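First, one chain by itself: the form predicted on its own, in structure tokens.
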């Protein structure tokens, strides 16, 4: 009986000390930038507080963004963004849930840059739309980062641009995403 107990204890301790590689990665500091370039004005909003989770075993990737965390170079732009366009009190956050369609092509344990395609659903302003975007995964010394740039139409998300400002606010907005992930231990 003591031998069986000692064997079970030894196996348990050995299994406990094995180091497993994480499959989930997380950040609370993803950078989301949007850019509207119209004939009379360039408007850029930056949010450095987006939350993202990446599961390298499935290719699933998610983002959540508080709309009021976007910052602008002028306070009036921030006020107009939150009150007139994003309606941040009514629609406080946006999110994306999707998958890296070619995640098996990424050698997660090998340093390098890997081209990826991400497909999923973007919810903004209470509207959910399918989105496909090209991106890049960088693996360097065990750290994982992801970048992507794509365009969305504000009208697809029921964001109305008044005629009076059509030369200052473009319906097509460029979105840039930069995420530096850390292993998720929770």
Partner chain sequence: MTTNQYILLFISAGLLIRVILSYFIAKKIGTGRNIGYKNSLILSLILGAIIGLGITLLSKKPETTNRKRRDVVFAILLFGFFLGCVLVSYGLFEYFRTNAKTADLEADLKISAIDLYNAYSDNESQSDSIYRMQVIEVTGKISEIKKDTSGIIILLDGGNGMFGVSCSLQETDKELKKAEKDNTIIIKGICTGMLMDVVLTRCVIVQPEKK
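Numbering follows the first chain given and starts at 1. What you are looking at is a predicted structure, and each value in this text was computed from that prediction instead of being measured.
Below, we turn to the form predicted in complex with the partner chain, even though it does not appear here.
- Using a 4.5 Å cut-off to the partner chain in the model of the complex, each of 49, 65 and 72 places a heavy atom inside that distance.
- Taking non-hydrogen atoms only, residue 37 never approaches the partner chain to within 4.5 angstroms in the model of the complex.
- The partner chain is not shown here, but in the model of the complex it comes within 4.5 Å of a heavy atom of residue 31.
- Contact between residue 78 and the partner chain in the model of the complex is found at the 4.5 Å heavy atom cutoff.
- At least one heavy atom of residue 93 is located within 4.5 Å of the partner chain in the model of the complex.
- For the candidate set 156, 44, 41, 55, a heavy atom within 4.5 Å of the partner chain in the model of the complex is found for exactly one residue, namely 41.
- With the partner omitted here, the stretch from 132-140, 145-153, 23-31, 119-127 that lies within 4.5 Å of the partner chain by heavy atoms in the model of the complex is 23-31.
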